[in-house]
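Below you'll find only one chain, the form predicted alone, shown as structure tokens.
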């Protein structure tokens, strides 16, 4: 059952001796861990662990959604979201139109998950007169394709989970087709791969099509450049890289996007919308409000999480996530594990690792129950075939080191022959 590896010339490693398992896999689920466990490690690629201050902030007493106090909250939230989206900074003060910036982008808060925000972006921009190109290499890109199909005509190109997009093929499609947009999932956590957004933006500009980005798991954790990429719309989910609560999201849209929305509303060609209609949302944003009753306590929690992001520094967070993911990937590579995603584009916020022969999600169950360590499994056709480690949000180096030690120990419980390894050396 040993994974293959080449270790002899690596000074960080010494080859371990395989210990024969003394019990069946089923018995292992209830057996004691083979190392001392103190506290939990939560290494899931979203929803991520929230800080204590974020959790406490959500216990704020009930307030009205239309009063002055909540308008102050919305003004700060919009200003902080501009920081997370890597847009020009604005005032956080009520009445200062903090959702708008001099870079031509506006932010809109959505009381719903990232999927709701993505639907809002698509439903207000495209109609059945539009053709949209959607390349995918994982589950969440496929969701983008499914949403877009509801409101427009989609050309869906599936490159296979974890496989890089062929930009030449996509350019050829745009060159011969009558497309209005190019939409994609930037950071595909189901497969642990990040798309070449800059390359995609260049071909979108070349063929004058709208660039729509699902940045639900990249904004706040990976380099995202809406202005540089000339993206018409970018989406973020609070519970991912910004380490906020689940159930609230936001979009960043530029003036070109807004112009198209206004024009298509006048022609009446868009599909019916009500809750996700952008026109009233923009109007309300100008008064530091939302169209409908907002997720009041969730947005208060998100403010605290975004304050922490701003305090850390956006680029510093990008760097921390990247360093954690590099440590994980180098460590498990040297241990002999294989990865799902193409090496050149592996994500810095979610690493997808294939199980060695003879291992399935029983390992993950034991890891959670006996080692108090949470990672996440594969989806759809990859269920039971891999696990995914998150390195986003406020995850610290110490937690990642401890979590990796527990994962290694849990694998050895199942009889997997692994070398004795200095885990800390991968996270210097």
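No experiment lies behind these values; they were computed from the predicted model shown. Numbering follows the first chain given and starts at 1.
Another form, the form predicted together with a small molecule, is not on view; read the next lines as being about it.
The stretch among 74-82, 264-272, 150-158, 136-144 whose residues place heavy atoms within 4.5 Å of the small molecule in the predicted complex is 136-144. The closest heavy atom approach of residue 345 to the small molecule in the predicted complex falls outside 4.5 Å. Taking the partner from the other structure, the small molecule in the predicted complex has no heavy atom within 4.5 Å of any heavy atom of residue 201.
In the predicted complex, the small molecule sits within 4.5 Å of a heavy atom belonging to residue 216. A residue is said to contact a partner when one of its heavy atoms sits within 4.5 Å of a partner heavy atom; residue 351 fails this definition for the small molecule in the predicted complex, lying far away. A single residue from the set 256, 113, 127, 297 has any heavy atom within 4.5 angstroms of the small molecule in the predicted complex; that residue is 113. Residue 185 is the only one of 231, 305, 251, 185 with a heavy atom lying within 4.5 Å of the small molecule in the predicted complex.
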